[in-house]
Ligand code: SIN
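Before any questions on binding or motion, here is one chain by itself as structure tokens, the form predicted alone.
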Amino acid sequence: MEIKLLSGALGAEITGIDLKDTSDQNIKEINNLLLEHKVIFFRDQKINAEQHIALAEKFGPLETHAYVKGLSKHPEIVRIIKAEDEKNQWGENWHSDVSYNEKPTKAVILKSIKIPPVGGDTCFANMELAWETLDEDIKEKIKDKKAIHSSLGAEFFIEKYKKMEGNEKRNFDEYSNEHPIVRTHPETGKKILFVNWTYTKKIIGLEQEESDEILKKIFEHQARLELTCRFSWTENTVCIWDNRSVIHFAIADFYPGRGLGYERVMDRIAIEGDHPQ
């Protein structure tokens, strides 16, 4: 096995591991790598849908997405499609997947099916490091506080992406929950800054104006380049990220207006998380 670090903050590209091998020893090794690096990538993994599902099931119960349907033959898999004639791309804001759920996603296993010849990278940011480096005055203001996470932030996604299966608008009010602003990782015990630009709407106990001001500073801090890594996809790459510890941003820089109207197709399986503490 070889490990290539993607940045000083987080991320690693792993070679020498076969994701078809779902033995306890192999899964333990992968999970250890995930906890250490937060997001890990495996190129040239020609796994089919059944193998993708079998791999994901080793990490916990699989999650049903709140408002996007899975594939008809494999409902566990959400197929993320950016069509050639679309400018926008699913996930092109900093976010933690479905943080508005009562039990936000534990981890995501994403497999690339079709990749544009240029563009379409994904950035990840380390929220453990974001907490460690956050201004002490802000730390004091958010100490022991909770924030409201709402899927109303997904309205942008729903309105922009027409080729996604099952992306019809639903009652987003059903998907709103309060979570600690600073959560503790259930496996490592590390503190995590658990808010994000897309879904976190208000700090409970503060007036909206003060909440907006503090959250704006936090969101800007989370996006600092020294907290991030960036990955360039190739087809048949599998990415696993710890959704508790990172936020991510899918870059939409391959669209018709630039003469780069390409299709991008990814298969996503999510593992159900726990109640943030």
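Computed from a predicted structure; not experimentally measured. Residue indices: 1-based, along the sequence shown.
This protein has a second form, the form predicted in complex with the ligand, left out of what is shown; the following refers to that one.
Trainee: Thinking of the ligand in the predicted bound form, which stretch from 83 to 91, 190 to 198, 130 to 138, 67 to 75 has heavy atoms inside 4.5 Å of it?
Mentor: Checking each option against the 4.5 Å cut-off leaves 83 to 91.
Trainee: Consider the chain as shown here, without its partner, and state which of Leu110, Ala107, Ala125, Ala147 has a heavy atom within 4.5 Å of the ligand in the predicted bound form.
Mentor: None of the others qualify; the residue that does is Leu110.
Trainee: To verify the annotation, which of these, Ala250, Ile30, Leu55, Ile214, has a non-hydrogen atom within 4.5 Å of the ligand in the predicted bound form?
Mentor: So the residue touching the ligand in the predicted bound form, by this definition, is Ala250.
Trainee: Can you check whether Phe59 is within 4.5 Å of the ligand in the predicted bound form, heavy atom basis?
Mentor: Because no heavy atom of Phe59 falls inside 4.5 Å of the ligand in the predicted bound form, the answer is no.
Trainee: Considering non-hydrogen atoms and a 4.5 Å limit, does the ligand approach His95 in the predicted bound form?
Mentor: Yes - in the predicted bound form, heavy atoms of His95 and the ligand come within 4.5 Å of each other.
Trainee: Using the partner position in the predicted bound form, report whether Ile269 sits within 4.5 Å of the ligand, counting heavy atoms only.
Mentor: Ile269: no contact with the ligand in the predicted bound form.
Trainee: Does any part of Trp233 reach within 4.5 Å of the ligand in the predicted bound form? Heavy atoms only, please.
Mentor: Yes, Trp233 is a contact residue.
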